[in-house]
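The chain below stands alone and is given as structure tokens, in the form predicted on its own.
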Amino acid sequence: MSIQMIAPEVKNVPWQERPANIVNAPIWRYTENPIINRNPIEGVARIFNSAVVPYEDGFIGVFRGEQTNGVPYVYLGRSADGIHWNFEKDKVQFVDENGEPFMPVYAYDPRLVKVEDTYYIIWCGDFYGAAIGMAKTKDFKTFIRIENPFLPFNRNAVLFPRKINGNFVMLSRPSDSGHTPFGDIFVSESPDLTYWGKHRHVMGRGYEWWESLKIGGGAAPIETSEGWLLFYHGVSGTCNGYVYSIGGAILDLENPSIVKYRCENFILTPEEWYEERGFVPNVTFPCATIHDPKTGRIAIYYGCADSYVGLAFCQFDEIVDYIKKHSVVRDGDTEIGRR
């Protein structure tokens, strides 16, 4: 029986046909990358590490806008085709439950995930140290902050697109107060987005060079009949600094602390000029996918060198087969993650 993608149909997934010369991983870049260049709107020097979802007849996204003063905030963008984007000039205005202004000190690397009838934005911000910020919206007009789910220090959080056993589930990467030289992926549960627990270790840094330093969550997991398809980032340390690559894994459907398959190889690593050259060189950083179960098309949105947004493509069955074929899992992956 073939593996099935379990997701709503998206008829207009951004797409470019696979070129003939693809080798190694079955993934290819959009030939017109980067899709978002520098200085996209007044006051913003760079947009990168951003997330998008289907919305109405097109797409909507939350974008990391690095202001010209160096402070990152979340900006809203809309697109008819998922490639060409129009941004609102002003940063997203967050409020508390009473409708009073409640802006973060800063906010970067946002994820955007729909669970049931609500869209959730998850980002890294300042909660007396680097920590996870959250907000919710149903109309992309009012954005209500939710209490910080975890204590500092934490980054790279992303919700699963549905509840598991009645609970919200979120991946995160506990860290320290600096530019963390370590990090594993953990999973946590909550019945109400206020009280979080059942923290479990999912997987640690790999033995392979491309993820030998640290790893972290990426795009929201894609539900499949085999498990949760996860595109995540892995980091290596070199004599010339960090290198961020994209990896792939499949987590257990009902207990995602268990890794069923984990690709030994990266599926994308910095090779093009817009990935190798920028404000922070040598970065490919996945934040979102647009995917369709009928065609099997997956479009991956990823940050490039902390300067641009890139787009890459793969076919669902091919990427799953590649992850399974090249899978290497160890005890730390397959255990329940509780000690």
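A residue's number is simply how far along the shown sequence it sits, counting from 1. From a predicted model like this one, the values you see are computed outputs, not experimental measurements.
Quick note: we don't show the form predicted in complex with a small molecule, though the next part is all about it.
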For the interface check, one of 308-316, 53-61, 33-41, 278-286 should have non-hydrogen atoms within 4.5 Å of the small molecule in the predicted bound form; which one?
278-286
If you check in the predicted bound form, is residue 211 within 4.5 Å of the small molecule, heavy atoms only?
no
How about residue 108 - does it come within 4.5 Å of the small molecule in the predicted bound form, if we only consider non-hydrogen atoms?
yes
With heavy atoms only and a cut-off of 4.5 Å, decide whether residue 262 touches the small molecule in the predicted bound form.
no
Within 4.5 Å, heavy atoms only: does residue 155 come near the small molecule in the predicted bound form?
yes
